[in-house]
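Shown below, as structure tokens, is a lone chain in the form predicted on its own; questions about how it binds or moves come after it.
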């Protein structure tokens, strides 16, 4: 093995949560029209990988799965400090659920060979399932540390604490390992996450990054096309609907005893014909 650690960070391009655009009448996200951004949870994973590399040496590979425009998040990750970027882009990946996505990304990680640590964010803002990272670990047959808040590395051993209900759990595992990074694990350097397309200088830098970003397809990573996309996704969405509009009304209960505020809340809910209201206590 070469000096230092070989680390893979999985990142995703998601719809911009600050934008009201890109929503279809039925409540589904119109990904073609929606503004895009790097998944906020993935930034913590990348920051942690950079901290480990700075302390231990090594190389960081960022991997993203998506259509050609998703290459923008790879540029952003390299501007932030990653070493190389890989876009797993293939039309056959469209409509992949978490099972199919985990399989495809698992094959992409194997393609890079001899990865010591795989870092992911806790979840994505467009799916919120938190399933993909753990599924990849299961496919690879490696230990996983989810909701990781602290970690130390001694040789090939990772000593970590993970957040659990009511406290923390201390773990000690051997590499290779997959780690989902808690937001409390690192402090982001927000200024370094500036969009790389905002200035002319950044556009010139984009060309300099071209030899560090690679696009691979299913055939190149030796993935079975029948296990991805719609055909490889057992998840069936029965129905989607909007549960509220941006800028909707919100009642605030404050100043009274908690028992009285709860009584007011119950009374208001009983008056609402829809049975759905937003409250802040």
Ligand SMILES: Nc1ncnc2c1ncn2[C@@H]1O[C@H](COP(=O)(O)O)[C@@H](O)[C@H]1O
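Note that the coordinates shown come from a computational prediction; the quantities given were computed from them, not determined experimentally. Numbering follows the first chain given and starts at 1.
The protein also exists as the form predicted together with the named molecule; that form is not presented, and the subsequent description refers to it.
- Residue-level contacts in the predicted complex: of 186, 173, 130, 112, one residue has a heavy atom within 4.5 Å of the named molecule, and it is 130.
- Here the chain stands alone, but in the predicted complex its contact with the named molecule, taken as any heavy atom within 4.5 Å, falls in 122-130 among 145-153, 122-130, 77-85, 158-166.
- Looking at the named molecule in the predicted complex, residues 11, 98 and 105 each place a heavy atom within 4.5 Å of it.
- Under a 4.5 angstroms non-hydrogen atom cutoff, the named molecule in the predicted complex lacks residue 60 among its neighbouring residues.
- Interface membership of residue 65, defined by any non-hydrogen atom within 4.5 Å of the named molecule in the predicted complex, is confirmed.
- Heavy atoms closer than or equal to 4.5 Å to the named molecule in the predicted complex belong, across 33-56, to the residues 39, 42, ordered by sequence position.
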